[in-house]
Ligand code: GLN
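Given as structure tokens, the chain that follows is alone and in the form predicted alone.
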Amino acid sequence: MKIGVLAVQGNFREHGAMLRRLGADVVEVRKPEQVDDLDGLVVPGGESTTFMRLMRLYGLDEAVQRFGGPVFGTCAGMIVLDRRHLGLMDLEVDRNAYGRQVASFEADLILQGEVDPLRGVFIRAPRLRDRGADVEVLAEHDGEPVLLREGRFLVAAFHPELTEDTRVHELFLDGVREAMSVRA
């Protein structure tokens, strides 16, 4: 399983380490042509304005829009995939909606279908403003959706790559395996 992690800015190293722990072959993606032979793609957290500027500069915005495999976006990655940016998911997100850096926090989340809490690390986290009917909520914090899925897209308002808990990345890799079996 070959998973690309956009490596223009943000937490790409942490995602790569988590995915390698789970047995994936990880490619740090910095050029559009690197997206072509991937089985899945991660758009990590970082600073969304900078992220979009660098993606446009290197042509990665169009490469991500063309990519047909599963995509996982965390924090800034969630913003990048929304209606107002790459338009790949039917959701609208407000950046830094929980406050500035000093307002960052951790919270236990209940992942759909799980009993044990999942630790969510929220750093200048985005907040969901609106979502389409086909966007499924997989976890909430204080009644607000923070982990969502729409078809081949999975997004988190928090940073699962900053904990030891692999469940969110496993969920993404399950989607990649499923997509690979359909193509086979």
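A residue's number is simply how far along the shown sequence it sits, counting from 1. Keep in mind the model is a prediction, meaning the values are calculated, not measured.
FYI, the form predicted together with glutamine (GLN) isn't displayed, but the following is about it.
Among residues of the shown chain, Ile123 is one whose heavy atoms approach glutamine (GLN) to within 4.5 Å in the predicted complex. At a distance threshold of 4.5 angstroms between non-hydrogen atoms, Arg95 is in contact with glutamine (GLN) in the predicted complex. With a 4.5 Å cutoff on heavy atoms, Arg149 does not count as touching glutamine (GLN) in the predicted complex; it lies far away.
At a distance threshold of 4.5 angstroms between non-hydrogen atoms, Glu28 is out of contact with glutamine (GLN) in the predicted complex. In plain terms, the part of the chain that comes close to glutamine (GLN) in the predicted complex, with a heavy atom within 4.5 Å, is 41 to 49 out of 28 to 36, 141 to 149, 41 to 49, 64 to 72. Along 59 to 87, a non-hydrogen atom within 4.5 Å of glutamine (GLN) in the predicted complex is carried by Cys75, Ala76, Ile79, in order along the sequence.
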